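First, one chain by itself in structure tokens, the form predicted alone.
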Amino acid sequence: MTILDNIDLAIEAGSSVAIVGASGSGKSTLLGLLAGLDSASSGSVRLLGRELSEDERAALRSGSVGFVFQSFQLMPHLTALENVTLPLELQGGGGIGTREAATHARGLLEQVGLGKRTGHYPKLLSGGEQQRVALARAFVTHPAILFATNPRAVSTPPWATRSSI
């Protein structure tokens, strides 16, 4: 079964783009392919000037792409602060130490209004608070691009310095 066929999409840096369509039309599949979360069964995907091979997909996800999932995908056993620092830990600290990573993550949580909720687990946060934790986590590695599936009032935050889609 073909989900996406003959897609050709070019987006200028600094642009914000919404992909809209009926449920089941392939929007999330397209975002998953573009973000390097999924691989195409045929054809190719290029992002930020690079073809997304298997090796490139992993490298891209670790630093160039931020992703906010519809269900947020927060780790339930980690606090808000730990959820935000997790991408830095997965990429070996992102060139910064543990203390600096926590300070950076804490700053992002403060900027999304959760400075007093850093020690709370996801089950203790409202849906909107969970979304803001997911947004802070998506920006913690300073991605070149941000993808969001079914965002609810997600806009480019004033503290974001890179382009988002």
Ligand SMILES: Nc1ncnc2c1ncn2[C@@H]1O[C@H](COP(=O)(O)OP(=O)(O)OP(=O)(O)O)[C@@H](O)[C@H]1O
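The structure displayed is predicted, hence computed values, not measured ones. Note that residue numbering begins at 1 and tracks the sequence as displayed.
Not on display, but discussed next: the form predicted in complex with the named molecule.
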| property | result |
| --- | --- |
| One stretch from 26 to 34, 48 to 56, 113 to 121, 100 to 108 that, in the predicted bound form, holds residues within 4.5 Å of the named molecule by heavy atom | 26 to 34 |
| Listed residue that, although the named molecule is not shown, lies within 4.5 Å of it in the predicted bound form (heavy atoms), from L9, A22, A18, A13 | A22 |
| Residues within 4.5 Å of the named molecule in the predicted bound form, restricted to 108 to 142 and counted by heavy atom | none |
